[in-house]
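In the block that follows, a single chain appears as structure tokens, in the form predicted alone.
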Amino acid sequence: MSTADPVIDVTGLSRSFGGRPAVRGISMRLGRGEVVGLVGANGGGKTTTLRMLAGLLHPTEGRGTVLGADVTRPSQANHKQIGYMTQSLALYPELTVAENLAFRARVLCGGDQAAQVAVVDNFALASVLSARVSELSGGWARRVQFAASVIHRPALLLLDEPTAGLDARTRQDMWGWIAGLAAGGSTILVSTHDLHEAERCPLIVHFRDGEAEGPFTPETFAQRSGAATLEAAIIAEAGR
């Protein structure tokens, strides 16, 4: 995929909290339709990086653009081109599934009815539309949250542990949805602790102690560490 007109083009992004660095020197250049897995131990900086790219945190240092907008001065218009699925459930529990989707559609795509119908069909939500989110199982709630995150067909989709707690069938479905969105041109970053799932990503970025390296193919990263698998390579890197 050409990066001549990149979706993400950032250099040296850093973020500190109370003078303590959380991430340092993150650089990344990605084009349309690329799928990148963010891997590494807890506290490595993956979520902080996603939040900076989403425009929810301002970098302490660094420069670049996300969807053509200055990463240090994110705009409301830019937010409407980004989908961000957080680890924690970001839905209104007292509202029904239909009400949650309608609210997201109003905020992100002007209440587009066709967009609401599309996500209901694509993610097989018809049977739970009238249920309150608080009544859903964890797996159904994650499915609804994913649907709400992509209802506006975002150019950039940021997923933080999207398959956590899901059964095998729903995990498989979600990776199918990710592949379909990428084929349609969405650039997707997936933060995951499941290294078998990370191997589904054509590229990975490895986070360790607030720094990142990559992107690499999973095979290249494993070979560089002299390991047979991505999981073995991550374990070997952690011990260095």
Partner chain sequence: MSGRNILAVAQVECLRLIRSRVTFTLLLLVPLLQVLLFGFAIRPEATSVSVAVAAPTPESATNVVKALREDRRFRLVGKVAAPGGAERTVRSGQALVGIEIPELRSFSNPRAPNVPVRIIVDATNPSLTTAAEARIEARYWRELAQQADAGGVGLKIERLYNPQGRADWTFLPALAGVTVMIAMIMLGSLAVSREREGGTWESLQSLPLGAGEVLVGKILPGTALGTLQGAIVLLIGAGLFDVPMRGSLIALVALLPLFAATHLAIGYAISARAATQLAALQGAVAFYLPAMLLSGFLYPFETLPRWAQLIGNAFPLSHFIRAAQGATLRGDAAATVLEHAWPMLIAVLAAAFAALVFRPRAQ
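Every value quoted in this text rests on a predicted model; they were computed, and no experiment measured them. Numbering follows the first chain given and starts at 1.
Missing here is the form predicted in complex with its partner chain; even so, the following discussion is about that form.
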{"query": "Heavy atom distance at most 4.5 Å to its partner chain in the predicted bound form, all of 79, 94 and 108", "finding": "yes"}
{"query": "4.5 angstroms heavy atom contact with its partner chain in the predicted bound form for residue 142", "finding": "no"}
{"query": "Close approach of residue 51 to its partner chain in the predicted bound form, 4.5 Å, heavy atom", "finding": "yes"}
{"query": "Its partner chain contact at residue 89 in the predicted bound form, heavy atom, 4.5 Å", "finding": "yes"}
{"query": "4.5 Å heavy atom contact, residue 123 to its partner chain in the predicted bound form", "finding": "no"}
{"query": "Region of this chain that lies against its partner chain in the predicted bound form, out of 161 to 169, 124 to 132, 96 to 104, 111 to 119 [heavy atom, 4.5 Å]", "finding": "96 to 104"}
